[in-house]
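Only one chain is included here, represented as structure tokens and corresponding to the form predicted on its own.
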Amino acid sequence: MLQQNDIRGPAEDTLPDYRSYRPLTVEDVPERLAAYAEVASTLGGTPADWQVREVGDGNLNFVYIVTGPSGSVCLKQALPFVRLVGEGWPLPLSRSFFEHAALSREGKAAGATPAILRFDGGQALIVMEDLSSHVIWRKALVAGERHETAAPVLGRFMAEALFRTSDLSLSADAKKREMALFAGNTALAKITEDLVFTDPYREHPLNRWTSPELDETAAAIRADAEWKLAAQELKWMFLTRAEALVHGDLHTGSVMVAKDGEAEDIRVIDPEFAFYGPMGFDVGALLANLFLNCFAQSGHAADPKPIQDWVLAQAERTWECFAARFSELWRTERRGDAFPGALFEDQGQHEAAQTALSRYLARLQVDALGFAGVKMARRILGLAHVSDLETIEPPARRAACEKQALNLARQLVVEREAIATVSAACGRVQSILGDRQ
């Protein structure tokens, strides 16, 4: 159990000097890693014995797997631009600093993150545990694979990481120091602010969708004032509610899963978008990607109903496990300056403390539904899409799944307070899917 204010790991808390930064190539990697004793020891042998392969398929960074006689590591290096777009979209190297800071804190608060072997701030690189035996959860879901422990592990991870970095656990001064540190991650936050909350609802050169099948749908959404108003309410929350350290990009592509017989291992990666924001954003992002996968299964599986029902059950399990662990922490670790026990339990008002918890979780659940809706829409109408839908052919089949997903997205954004619960949202999904053949 963490002690109050004991959230910081061994992360450096000042931005590095990047004047010596140099982006690595496959050929450069062994020489660089040889300079890090702990990494060289893990790999074994000499740099001539090490095999390097690039595996990054993300939007922002270089990722290499390095294998030696004794072991392997994963090296992630930030680039000074968005890899998906190119040098025309500059991006600060400091995102690597914030990713390391977030990994250190989330790992200490909740576990389920890769072990860090070395952080070289000036080179914007992190050397960490190799998870090559794992697969990205998104890919497993598209293939119809079932990892039964993913939902409970992720529900618990979010509860612990969010609770223990909030005013419910930290003193106000410690929380404000943490907020000040992550306040510098403005470039990554700006990407979310634009790509999630604004661009899908206007004409923008970076937007794309399944065309011409969704042309009329996209135009109708841009003209939907009610939807845009609700989306901007959520953006206001994103901009102003510094409730906890949120991962910022917690989708099924940021989760690694592995199965060895009956045993499973679940890890959370890539928190470079981390900042202090609303707790419901992380929960909503994960739910959004489960909902997207559910609709996409109609384009992948000959008989999609069994896997769709299972995916929806995981959405409900994620929330249930989150709420259960959050409630446990509320009762056992609520030592911060918000809702102090001195006002409630210490005065024998346990029922009032429980009422406060119930109201807190109810509001958080509504927030999560709204954020899920905007995250779904951006993955269909904005710049960065998801392979769940993108791999469906022909386009007409893909567009049919996307229209169903956008139907739910609007409901979650505009009617989030009326829907109120993840269980009710799953019911809306079932209604949209209707009679599935």
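When you see a residue number, it is the position in the sequence shown, counting from 1. Quick caveat: nothing in here was measured; it's all calculated off a predicted structure.
There is another form of this protein, the form predicted together with another copy of the chain, and it is not shown here; the text below is about that form.
Interface residue remark: A263 is not counted as part of the site for another copy of the chain in the predicted bound form, having no heavy atom within 4.5 Å. In the predicted bound form, another copy of the chain sits within 4.5 Å of a heavy atom belonging to Q347. By the criterion of a heavy atom within 4.5 Å, D309 is excluded from the residues contacting another copy of the chain in the predicted bound form.
By the criterion of a heavy atom within 4.5 Å, L343 is counted among the residues contacting another copy of the chain in the predicted bound form. Annotated contacts: A258, A302 and C401 are all free of another copy of the chain in the predicted bound form [non-hydrogen atom within 4.5 angstroms]. With another copy of the chain left out of view, the stretch that reaches within 4.5 Å of it through heavy atoms in the predicted bound form is, among 107-115, 152-160, 186-194, 310-318, 186-194. Between another copy of the chain and the residues D120, E333, E233, D130, the one pair within 4.5 Å by heavy atoms in the predicted bound form involves E233.
Taking A143, A324, L206, A352 one by one, only a single residue has any non-hydrogen atom within 4.5 Å of another copy of the chain in the predicted bound form, and it is A352. Taking another copy of the chain as positioned in the predicted bound form, none of the residues of 366-384 brings a heavy atom within 4.5 Å of it.
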